[in-house]
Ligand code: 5CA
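The chain below stands alone and is given in C-alpha coordinates; this is the form predicted on its own.
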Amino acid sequence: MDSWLAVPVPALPGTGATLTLHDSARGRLAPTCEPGRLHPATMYVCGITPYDATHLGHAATMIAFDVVQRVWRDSGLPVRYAQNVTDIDDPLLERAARDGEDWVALGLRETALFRQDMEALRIIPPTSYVGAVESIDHIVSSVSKLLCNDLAYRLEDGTGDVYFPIAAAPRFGKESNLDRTEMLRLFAERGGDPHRAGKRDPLDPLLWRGQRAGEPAWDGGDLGQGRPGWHIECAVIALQELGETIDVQGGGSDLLFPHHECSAVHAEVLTGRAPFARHVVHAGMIGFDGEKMSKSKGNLVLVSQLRAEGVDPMAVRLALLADHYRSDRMWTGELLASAQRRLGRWRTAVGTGRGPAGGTVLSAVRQCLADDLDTPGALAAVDAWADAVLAGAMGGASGGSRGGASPSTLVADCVDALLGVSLAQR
(Lines give C-alpha, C1' and ligand atoms only; values in the text may rest on other atoms or scores of the structure.)
Protein backbone atom coordinates (compact mmCIF):
# COMPACT_ATOMS: atom_id res chain seq x y z
CA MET A 1 0.00 0.00 0.00
CA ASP A 2 1.30 3.45 -0.89
CA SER A 3 1.69 5.99 1.89
CA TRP A 4 1.73 9.74 1.26
CA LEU A 5 4.28 12.11 -0.24
CA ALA A 6 7.30 12.99 1.85
CA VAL A 7 7.98 16.58 2.84
CA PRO A 8 11.48 18.06 2.66
CA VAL A 9 13.13 18.31 6.08
CA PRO A 10 15.78 21.04 6.44
CA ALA A 11 19.23 19.97 7.66
CA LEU A 12 20.26 21.63 10.91
CA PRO A 13 23.76 22.37 12.21
CA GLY A 14 25.09 19.94 14.79
CA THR A 15 23.10 17.01 16.14
CA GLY A 16 20.37 16.54 18.70
CA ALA A 17 20.58 14.66 21.98
CA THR A 18 19.33 11.22 22.99
CA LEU A 19 15.54 11.11 23.04
CA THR A 20 14.03 10.17 26.39
CA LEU A 21 10.43 8.94 26.36
CA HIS A 22 7.92 7.79 28.94
CA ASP A 23 7.53 4.03 28.80
CA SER A 24 4.02 2.95 29.77
CA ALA A 25 5.22 -0.51 30.79
CA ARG A 26 7.84 0.78 33.21
CA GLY A 27 5.85 3.81 34.24
CA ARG A 28 8.83 6.13 33.93
CA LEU A 29 11.09 8.00 31.54
CA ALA A 30 13.89 6.10 29.86
CA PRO A 31 16.34 6.92 27.05
CA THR A 32 15.64 5.49 23.60
CA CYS A 33 18.30 5.06 20.93
CA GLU A 34 21.74 6.56 21.45
CA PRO A 35 22.87 8.93 18.67
CA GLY A 36 25.44 7.37 16.40
CA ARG A 37 23.89 3.92 16.49
CA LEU A 38 24.49 2.32 13.12
CA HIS A 39 21.32 0.24 12.82
CA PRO A 40 18.03 2.08 12.42
CA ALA A 41 15.74 3.19 15.20
CA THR A 42 12.52 1.23 14.70
CA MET A 43 8.98 2.30 15.47
CA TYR A 44 5.55 0.80 14.88
CA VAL A 45 2.51 3.05 15.27
CA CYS A 46 -1.01 1.69 14.94
CA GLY A 47 -2.84 3.32 12.06
CA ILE A 48 -6.48 3.89 11.26
CA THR A 49 -9.45 1.66 10.65
CA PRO A 50 -10.60 3.61 7.60
CA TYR A 51 -14.24 4.31 8.22
CA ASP A 52 -14.11 7.88 9.61
CA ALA A 53 -10.74 9.56 9.09
CA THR A 54 -9.02 11.78 10.21
CA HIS A 55 -10.30 13.16 13.51
CA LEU A 56 -8.13 15.22 15.83
CA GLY A 57 -7.35 12.24 18.03
CA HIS A 58 -5.75 10.55 15.02
CA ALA A 59 -3.94 13.76 14.16
CA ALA A 60 -2.56 14.30 17.67
CA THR A 61 -1.20 10.76 17.81
CA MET A 62 0.40 10.95 14.36
CA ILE A 63 1.95 14.33 15.16
CA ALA A 64 3.43 13.03 18.43
CA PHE A 65 5.17 10.12 16.74
CA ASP A 66 6.16 12.31 13.81
CA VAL A 67 8.10 14.42 16.32
CA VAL A 68 9.71 11.23 17.67
CA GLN A 69 10.91 10.46 14.17
CA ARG A 70 12.14 14.02 13.64
CA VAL A 71 14.12 14.04 16.90
CA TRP A 72 15.71 10.69 16.08
CA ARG A 73 16.69 11.89 12.61
CA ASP A 74 18.10 15.11 14.04
CA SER A 75 20.33 13.05 16.33
CA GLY A 76 21.77 11.29 13.27
CA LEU A 77 19.80 8.05 13.52
CA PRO A 78 18.39 6.29 10.47
CA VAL A 79 14.73 5.42 11.09
CA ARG A 80 12.52 2.54 10.01
CA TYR A 81 8.89 3.25 10.78
CA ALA A 82 5.93 0.99 10.00
CA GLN A 83 2.23 1.79 10.22
CA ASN A 84 -0.75 -0.39 9.43
CA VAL A 85 -4.18 0.24 7.98
CA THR A 86 -6.86 -2.03 9.43
CA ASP A 87 -8.74 -2.23 6.14
CA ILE A 88 -10.90 -5.15 7.25
CA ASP A 89 -12.55 -5.19 10.67
CA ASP A 90 -15.98 -5.06 12.28
CA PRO A 91 -16.24 -1.24 12.55
CA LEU A 92 -15.53 -0.84 8.83
CA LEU A 93 -18.15 -3.44 7.89
CA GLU A 94 -20.70 -1.94 10.30
CA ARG A 95 -20.24 1.57 8.91
CA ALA A 96 -20.52 0.31 5.33
CA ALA A 97 -23.71 -1.61 6.16
CA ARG A 98 -25.18 1.40 7.96
CA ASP A 99 -24.57 3.68 4.97
CA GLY A 100 -25.38 1.11 2.30
CA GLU A 101 -21.89 1.37 0.87
CA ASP A 102 -19.40 -1.18 -0.36
CA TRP A 103 -16.86 -1.73 2.43
CA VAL A 104 -13.92 -1.76 0.00
CA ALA A 105 -14.93 1.59 -1.51
CA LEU A 106 -15.41 3.06 1.97
CA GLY A 107 -11.98 1.89 3.10
CA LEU A 108 -10.23 3.18 0.00
CA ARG A 109 -11.91 6.59 0.22
CA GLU A 110 -11.16 7.13 3.89
CA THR A 111 -7.57 5.90 3.51
CA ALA A 112 -7.06 8.36 0.65
CA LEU A 113 -8.48 11.15 2.82
CA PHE A 114 -6.16 10.17 5.66
CA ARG A 115 -3.18 10.41 3.30
CA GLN A 116 -4.25 13.90 2.23
CA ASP A 117 -4.59 14.99 5.85
CA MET A 118 -1.16 13.60 6.72
CA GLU A 119 0.42 15.48 3.82
CA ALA A 120 -1.33 18.68 4.87
CA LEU A 121 -0.05 18.26 8.45
CA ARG A 122 3.47 17.61 7.11
CA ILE A 123 3.75 14.17 8.70
CA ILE A 124 6.86 12.33 7.50
CA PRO A 125 5.46 9.14 5.92
CA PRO A 126 6.29 5.72 7.35
CA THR A 127 8.89 3.59 5.69
CA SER A 128 6.28 0.84 5.40
CA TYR A 129 2.55 1.51 5.13
CA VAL A 130 0.80 -1.84 5.17
CA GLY A 131 -2.84 -2.89 5.00
CA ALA A 132 -4.32 -5.85 6.84
CA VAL A 133 -5.75 -7.30 3.62
CA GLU A 134 -2.37 -7.39 1.88
CA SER A 135 -0.90 -9.09 4.97
CA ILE A 136 -3.40 -11.93 5.24
CA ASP A 137 -1.02 -14.60 3.90
CA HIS A 138 1.54 -13.70 6.58
CA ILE A 139 -1.15 -13.60 9.25
CA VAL A 140 -2.47 -17.01 8.21
CA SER A 141 1.04 -18.43 8.39
CA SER A 142 1.54 -17.01 11.88
CA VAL A 143 -1.79 -18.20 13.25
CA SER A 144 -1.20 -21.65 11.75
CA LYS A 145 2.20 -21.74 13.46
CA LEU A 146 0.62 -20.92 16.80
CA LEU A 147 -2.06 -23.56 16.28
CA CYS A 148 0.45 -26.26 15.34
CA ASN A 149 2.49 -25.48 18.46
CA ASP A 150 -0.55 -25.63 20.78
CA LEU A 151 -0.30 -21.88 21.27
CA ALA A 152 -3.77 -21.30 19.83
CA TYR A 153 -7.05 -23.21 19.91
CA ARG A 154 -10.25 -23.52 17.90
CA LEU A 155 -13.63 -23.08 19.47
CA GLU A 156 -15.73 -26.22 19.30
CA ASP A 157 -18.87 -24.46 18.15
CA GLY A 158 -18.37 -24.89 14.41
CA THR A 159 -17.60 -21.22 13.73
CA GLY A 160 -13.96 -21.82 12.81
CA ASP A 161 -12.87 -19.11 15.24
CA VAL A 162 -9.32 -19.42 16.58
CA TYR A 163 -8.21 -17.86 19.86
CA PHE A 164 -4.94 -17.17 21.63
CA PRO A 165 -4.63 -18.52 25.19
CA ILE A 166 -3.19 -15.82 27.40
CA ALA A 167 -1.96 -18.60 29.68
CA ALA A 168 0.66 -19.31 26.99
CA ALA A 169 2.11 -15.79 27.36
CA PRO A 170 4.09 -15.33 30.58
CA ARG A 171 4.40 -11.59 29.95
CA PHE A 172 0.70 -10.95 29.47
CA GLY A 173 -0.12 -7.89 31.56
CA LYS A 174 3.43 -6.54 31.67
CA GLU A 175 2.70 -3.64 29.32
CA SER A 176 -0.46 -2.29 30.93
CA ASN A 177 0.15 -3.43 34.53
CA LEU A 178 -3.62 -3.56 35.08
CA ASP A 179 -5.47 -5.84 37.47
CA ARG A 180 -7.76 -8.47 36.02
CA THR A 181 -10.97 -6.60 36.88
CA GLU A 182 -9.82 -3.56 34.90
CA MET A 183 -8.61 -5.75 32.05
CA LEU A 184 -12.03 -7.40 31.78
CA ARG A 185 -13.78 -4.03 31.78
CA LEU A 186 -11.57 -2.57 29.06
CA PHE A 187 -11.59 -5.77 27.03
CA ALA A 188 -15.39 -5.59 26.84
CA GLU A 189 -15.35 -1.87 25.97
CA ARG A 190 -12.65 -2.08 23.31
CA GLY A 191 -13.69 -4.81 20.94
CA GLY A 192 -13.08 -7.91 23.07
CA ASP A 193 -15.57 -10.67 23.80
CA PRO A 194 -15.08 -11.74 27.42
CA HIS A 195 -18.47 -13.46 27.55
CA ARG A 196 -17.93 -15.65 24.48
CA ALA A 197 -18.84 -19.22 25.31
CA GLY A 198 -16.16 -21.86 24.83
CA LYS A 199 -13.12 -19.69 25.48
CA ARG A 200 -10.53 -20.96 27.92
CA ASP A 201 -10.17 -17.53 29.49
CA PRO A 202 -12.49 -14.53 29.05
CA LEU A 203 -9.44 -12.42 28.11
CA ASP A 204 -8.24 -14.71 25.31
CA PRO A 205 -8.11 -12.61 22.10
CA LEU A 206 -9.36 -13.63 18.66
CA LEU A 207 -6.74 -14.66 16.10
CA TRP A 208 -8.90 -15.78 13.18
CA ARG A 209 -12.63 -15.27 12.65
CA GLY A 210 -14.29 -18.01 10.66
CA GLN A 211 -16.45 -16.97 7.73
CA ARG A 212 -19.92 -15.65 8.50
CA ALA A 213 -22.76 -15.26 6.04
CA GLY A 214 -22.59 -11.94 4.24
CA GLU A 215 -19.07 -11.13 5.44
CA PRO A 216 -15.89 -11.04 3.33
CA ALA A 217 -13.51 -13.93 3.89
CA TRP A 218 -10.11 -15.13 2.67
CA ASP A 219 -8.53 -18.52 2.25
CA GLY A 220 -6.90 -19.43 5.53
CA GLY A 221 -5.59 -22.82 4.39
CA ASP A 222 -5.92 -25.18 7.36
CA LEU A 223 -7.66 -22.39 9.26
CA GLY A 224 -10.53 -22.35 6.79
CA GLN A 225 -12.18 -19.34 5.22
CA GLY A 226 -12.21 -16.25 7.41
CA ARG A 227 -10.43 -13.02 8.33
CA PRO A 228 -7.81 -11.99 10.87
CA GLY A 229 -8.21 -10.63 14.35
CA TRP A 230 -7.03 -7.10 15.08
CA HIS A 231 -4.15 -7.73 17.50
CA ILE A 232 -2.43 -10.42 15.44
CA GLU A 233 -2.59 -8.11 12.42
CA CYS A 234 -0.33 -5.52 14.04
CA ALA A 235 2.01 -8.13 15.52
CA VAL A 236 2.60 -9.79 12.16
CA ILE A 237 3.03 -6.53 10.21
CA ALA A 238 5.52 -5.21 12.77
CA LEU A 239 7.53 -8.44 12.72
CA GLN A 240 7.56 -8.55 8.92
CA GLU A 241 8.59 -4.93 8.48
CA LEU A 242 10.80 -4.19 11.49
CA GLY A 243 12.13 -7.41 12.99
CA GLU A 244 11.68 -9.34 16.22
CA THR A 245 12.42 -6.48 18.63
CA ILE A 246 11.53 -2.85 18.02
CA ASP A 247 12.43 0.38 19.79
CA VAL A 248 8.99 1.98 20.08
CA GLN A 249 5.47 0.59 19.90
CA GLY A 250 3.15 3.58 19.81
CA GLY A 251 -0.41 4.78 19.57
CA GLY A 252 -3.16 6.47 21.50
CA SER A 253 -3.56 5.68 25.20
CA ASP A 254 -6.78 3.78 24.47
CA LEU A 255 -4.66 1.15 22.68
CA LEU A 256 -2.55 0.18 25.70
CA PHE A 257 -5.06 -2.49 26.65
CA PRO A 258 -6.04 -4.75 25.09
CA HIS A 259 -4.51 -3.94 21.72
CA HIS A 260 -0.87 -3.27 22.52
CA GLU A 261 -0.83 -5.82 25.30
CA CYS A 262 -2.14 -8.55 23.02
CA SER A 263 -0.15 -7.66 19.91
CA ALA A 264 3.05 -7.61 21.96
CA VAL A 265 2.52 -11.06 23.48
CA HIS A 266 1.53 -12.45 20.08
CA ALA A 267 4.88 -11.26 18.74
CA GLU A 268 6.78 -12.55 21.76
CA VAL A 269 5.25 -16.02 21.59
CA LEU A 270 5.81 -16.20 17.83
CA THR A 271 9.49 -15.29 18.10
CA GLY A 272 10.43 -16.49 21.58
CA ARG A 273 11.97 -13.07 22.24
CA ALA A 274 10.87 -10.53 24.82
CA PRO A 275 10.11 -7.78 25.18
CA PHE A 276 8.69 -7.10 21.75
CA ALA A 277 9.14 -3.34 22.22
CA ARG A 278 11.81 -1.62 24.30
CA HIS A 279 9.46 1.34 24.75
CA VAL A 280 5.66 1.36 24.80
CA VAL A 281 4.57 4.96 24.23
CA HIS A 282 1.09 6.45 24.30
CA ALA A 283 -0.44 9.77 23.31
CA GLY A 284 -3.31 11.30 25.28
CA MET A 285 -6.92 11.61 24.17
CA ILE A 286 -8.45 14.70 22.57
CA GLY A 287 -11.86 15.90 23.75
CA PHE A 288 -14.09 18.63 22.37
CA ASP A 289 -15.46 21.55 24.38
CA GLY A 290 -15.50 19.66 27.67
CA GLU A 291 -16.66 16.27 26.39
CA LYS A 292 -14.99 13.10 25.20
CA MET A 293 -14.70 13.18 21.43
CA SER A 294 -16.34 10.08 19.99
CA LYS A 295 -18.27 8.81 17.01
CA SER A 296 -21.21 7.86 19.21
CA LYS A 297 -21.53 11.45 20.49
CA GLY A 298 -21.29 12.83 16.96
CA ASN A 299 -18.74 15.43 18.05
CA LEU A 300 -15.70 14.38 16.06
CA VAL A 301 -13.66 17.24 14.67
CA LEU A 302 -12.15 16.15 11.37
CA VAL A 303 -8.95 17.53 9.91
CA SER A 304 -10.53 17.52 6.46
CA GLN A 305 -13.42 19.66 7.74
CA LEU A 306 -11.02 22.21 9.21
CA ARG A 307 -9.07 22.30 5.96
CA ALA A 308 -12.29 22.76 3.98
CA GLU A 309 -13.11 25.74 6.23
CA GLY A 310 -9.79 27.31 5.25
CA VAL A 311 -7.94 26.61 8.49
CA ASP A 312 -4.19 26.48 7.94
CA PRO A 313 -3.02 22.91 8.77
CA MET A 314 0.04 24.44 10.43
CA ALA A 315 -2.25 26.12 12.95
CA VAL A 316 -3.91 22.76 13.61
CA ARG A 317 -0.51 21.22 14.14
CA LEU A 318 0.58 24.00 16.49
CA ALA A 319 -2.65 23.68 18.47
CA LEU A 320 -2.01 19.97 19.00
CA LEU A 321 1.61 20.65 19.98
CA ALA A 322 0.62 23.27 22.55
CA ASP A 323 0.09 20.67 25.29
CA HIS A 324 2.21 17.67 26.20
CA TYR A 325 1.56 14.65 24.00
CA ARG A 326 0.75 12.39 26.95
CA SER A 327 -1.91 14.68 28.40
CA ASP A 328 -5.63 14.27 27.78
CA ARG A 329 -6.80 17.65 26.55
CA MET A 330 -9.66 19.53 24.98
CA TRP A 331 -9.99 20.99 21.52
CA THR A 332 -11.65 24.38 21.71
CA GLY A 333 -12.15 27.36 19.49
CA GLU A 334 -9.78 29.35 21.67
CA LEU A 335 -7.06 26.70 21.38
CA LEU A 336 -7.21 26.99 17.59
CA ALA A 337 -7.38 30.80 17.71
CA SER A 338 -4.33 30.89 19.98
CA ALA A 339 -2.44 28.64 17.58
CA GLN A 340 -3.40 30.86 14.66
CA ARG A 341 -2.10 33.92 16.51
CA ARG A 342 1.12 32.11 17.38
CA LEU A 343 1.63 31.00 13.78
CA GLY A 344 1.07 34.58 12.58
CA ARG A 345 3.61 35.98 15.08
CA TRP A 346 6.22 33.41 14.13
CA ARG A 347 5.76 34.02 10.42
CA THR A 348 5.92 37.77 10.87
CA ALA A 349 9.08 37.49 12.98
CA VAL A 350 10.80 35.18 10.51
CA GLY A 351 9.73 37.44 7.67
CA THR A 352 11.76 40.33 9.07
CA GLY A 353 14.98 38.48 8.23
CA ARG A 354 16.42 39.71 11.50
CA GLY A 355 16.49 38.72 15.13
CA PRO A 356 18.52 37.44 18.06
CA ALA A 357 20.85 34.49 17.54
CA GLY A 358 19.01 31.50 16.15
CA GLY A 359 21.42 28.96 17.62
CA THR A 360 20.04 29.64 21.09
CA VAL A 361 16.55 28.75 19.92
CA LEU A 362 17.76 25.59 18.20
CA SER A 363 19.55 24.44 21.33
CA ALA A 364 16.50 25.11 23.51
CA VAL A 365 14.10 23.33 21.16
CA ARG A 366 16.40 20.32 20.94
CA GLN A 367 16.72 20.14 24.71
CA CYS A 368 12.96 20.35 25.24
CA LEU A 369 12.06 17.75 22.64
CA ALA A 370 14.71 15.29 23.87
CA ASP A 371 12.98 15.45 27.27
CA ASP A 372 9.91 13.30 26.50
CA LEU A 373 8.79 15.58 23.66
CA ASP A 374 8.27 18.71 25.75
CA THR A 375 6.56 20.57 22.92
CA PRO A 376 5.10 23.30 25.20
CA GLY A 377 8.65 24.17 26.25
CA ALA A 378 9.84 24.11 22.64
CA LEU A 379 7.02 26.41 21.55
CA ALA A 380 7.81 28.77 24.42
CA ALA A 381 11.43 29.01 23.25
CA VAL A 382 10.32 30.05 19.77
CA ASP A 383 7.75 32.43 21.27
CA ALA A 384 10.49 34.21 23.23
CA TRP A 385 12.57 34.66 20.08
CA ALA A 386 9.61 35.91 18.06
CA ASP A 387 8.58 38.32 20.82
CA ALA A 388 12.10 39.73 20.93
CA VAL A 389 12.07 40.25 17.17
CA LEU A 390 8.68 41.91 17.15
CA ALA A 391 9.61 44.11 20.09
CA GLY A 392 12.66 45.29 18.19
CA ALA A 393 15.13 43.68 20.61
CA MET A 394 17.75 42.61 18.11
CA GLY A 395 20.61 42.28 20.56
CA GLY A 396 23.23 39.66 19.94
CA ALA A 397 24.93 38.43 16.83
CA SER A 398 23.58 35.73 14.59
CA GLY A 399 25.46 33.02 16.45
CA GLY A 400 24.46 29.54 15.47
CA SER A 401 23.54 30.41 11.89
CA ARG A 402 24.68 28.21 9.06
CA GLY A 403 27.03 29.41 6.39
CA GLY A 404 25.94 33.01 6.65
CA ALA A 405 22.23 32.24 6.93
CA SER A 406 20.28 34.79 8.94
CA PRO A 407 19.03 33.98 12.46
CA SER A 408 15.48 33.98 11.14
CA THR A 409 16.37 31.35 8.54
CA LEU A 410 17.87 29.10 11.20
CA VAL A 411 14.79 29.50 13.41
CA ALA A 412 12.47 28.75 10.49
CA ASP A 413 14.50 25.64 9.63
CA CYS A 414 14.49 24.56 13.28
CA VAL A 415 10.71 24.91 13.54
CA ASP A 416 10.24 23.06 10.26
CA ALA A 417 12.70 20.22 10.91
CA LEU A 418 11.87 19.51 14.55
CA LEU A 419 8.27 20.65 15.04
CA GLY A 420 7.10 20.01 11.48
CA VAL A 421 5.63 23.50 11.14
CA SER A 422 6.35 25.40 7.94
CA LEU A 423 6.69 29.14 8.46
CA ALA A 424 6.47 29.89 4.75
CA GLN A 425 3.70 32.37 4.03
CA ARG A 426 0.65 30.76 2.44
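Note that the structure is a prediction, hence the values are computed from the model and not measured. Numbering starts at 1 and runs along the sequence shown.
There is another form of the same protein, the form predicted together with this ligand; it is not shown, and what comes next is about it.
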query	finding
Contact stretch among 216-224, 131-139, 230-238, 146-154 - heavy atom within 4.5 Å of this ligand in the predicted bound form	230-238
Proximity to this ligand in the predicted bound form, single hit among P205, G355, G251, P126 (heavy atom within 4.5 Å)	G251
Listed residue that, although this ligand is not shown, lies within 4.5 Å of it in the predicted bound form (heavy atoms), from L379, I48, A386, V67	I48
Check all three, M62, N84 and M285, heavy atom within 4.5 Å of this ligand in the predicted bound form	yes
Contact flag, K292 vs this ligand in the predicted bound form, heavy atom cut 4.5 Å	yes
is_contact(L255, this ligand) in the predicted bound form, heavy atom dist at most 4.5 Å	yes
4.5 Å heavy atom contact, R317 to this ligand in the predicted bound form	no
is_contact(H58, this ligand) in the predicted bound form, heavy atom dist at most 4.5 Å	yes
